[in-house]
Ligand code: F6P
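A single chain comes next, written as C-alpha cells; it is the form predicted alone.
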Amino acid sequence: MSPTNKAGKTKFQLDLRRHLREHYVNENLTHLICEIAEASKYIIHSISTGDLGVAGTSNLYGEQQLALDVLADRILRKRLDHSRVVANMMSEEMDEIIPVSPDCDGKYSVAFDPLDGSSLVDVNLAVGTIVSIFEGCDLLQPGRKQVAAVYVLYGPRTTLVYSVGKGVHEFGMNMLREYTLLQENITLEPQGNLYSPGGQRNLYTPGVEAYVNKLEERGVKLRYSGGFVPDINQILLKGQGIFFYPHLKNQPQGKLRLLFELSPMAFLIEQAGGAASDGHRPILDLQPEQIHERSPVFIGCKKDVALAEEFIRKLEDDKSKTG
C-alpha cells in the first residue's frame, strides 16, 4: 500500500526523472537514463509475450541468438539512436561500435548488454539489461571514467538500479509501467555470508579453490542463479555477499565481458561501498584494449574481495615468481 499523508491522501511517489533532477543530474544524462528506462518497458513486454525460439543468427562469439536477444537489442538501439544525446553505442550482440552522431559535445557513448542471461528466459528465470555510460565519444576507457551505470532486472517484478556516482538507488515498475523509488543509497556490509560462484569448480586454479574452501569453512552459503544481473541484485539488496567468475585453468581470461558487464556492475558495487577485482587490481582501473575483452571478476563485499586477492597472490602469484 502506498504511504499516505495526514489528510489521508496518497503521497506523491518519487519517479525516476524527478529523482535524477533532484540529484542535479544534467538534462542530457537524465534524458538518456529515462530513455533506457523506456526501452526496458518494451523489453519486458517482449519477454512476457514474445517468441522464445532461435532467431536463426549467431553473435560474434558463435552463439545462437534467441529471438528475444535480437528484439531486445533492436529496442534499445532504436531508443538510444532517437535520444539525440548519444554519440556512439556498442551492443554486446554486435562486433563493432555503432556511430550515432559526429558531434560529441554534451553527448554520451553507451555500451550495453540488451538481455543478459537470455538463455534463462525459457525456464522462467530472471534476466536483465546492463548499461554503461561514458561522456563523449570514447568507449574504450577504464570503467572508473563512467558517468553512470544502470541495470534493469526482469524477474517476479521489474526493477531498475542506477548510479551517477552519487550512491546507488533502486526503482520498481508500478502498474502504470512507471518507475518509482523503492530505496536510496543502498550499501554493502564489509563481509557477507553468501557467495555466487561461476565456472566449473574442477577447473578452478589453486588460489580460487583455497578461497572457496575458506568461505565454506566460514559457513558462507552458496546462492547462484546462473544470471549475472539477478546475482548482483541479490548481493546489493541483501547488503552482503560476493559473486565471482574467476580465471579458469582452460580460460585464464574468465568469461564475462569488461565493457558490457563488469565495468557497469563494478561501478554500482563500488558506489554501494563494495569492491570489484580481477584477482589482482580493481575492475574499474582496467584499460580495455578491445571491445569484447573479457576478465575474471570477484565482486561484492570489500573484505571478501580482498580475501580472494590474498589467496591468489599467495598460492599463484608468489609460486610463479619462485618457480
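Bear in mind the structure is a predicted one, so any value in this text is a computation, not a measurement. Don't overthink the numbering: it's just position in the shown sequence, from 1.
Keep in mind the form predicted together with ligand F6P is missing from the figure; the text below concerns it.
- When ligand F6P is considered in the predicted complex, Asp69 lies well away from it, no heavy atom lying within 4.5 Å.
- Although the partner is absent from this view, Gly227 contacts ligand F6P in the predicted complex, with a non-hydrogen atom inside 4.5 angstroms.
- In the predicted complex, at least one heavy atom of Asp116 sits within 4.5 Å of a heavy atom of ligand F6P.
- Ligand F6P is not drawn, but in the predicted complex it has a heavy atom within 4.5 Å of Leu256.
- Of the residues Phe243, Phe171, Tyr154, Phe112, just one reaches ligand F6P in the predicted complex with a heavy atom at 4.5 Å or closer; this is Phe243.
- In short, of 269 to 277, 285 to 293, 34 to 42, 256 to 264 it is 256 to 264 that has heavy atoms within 4.5 Å of ligand F6P in the predicted complex.
- Looking at 267 to 284, no residue comes within 4.5 Å of ligand F6P in the predicted complex, counting any heavy atom.
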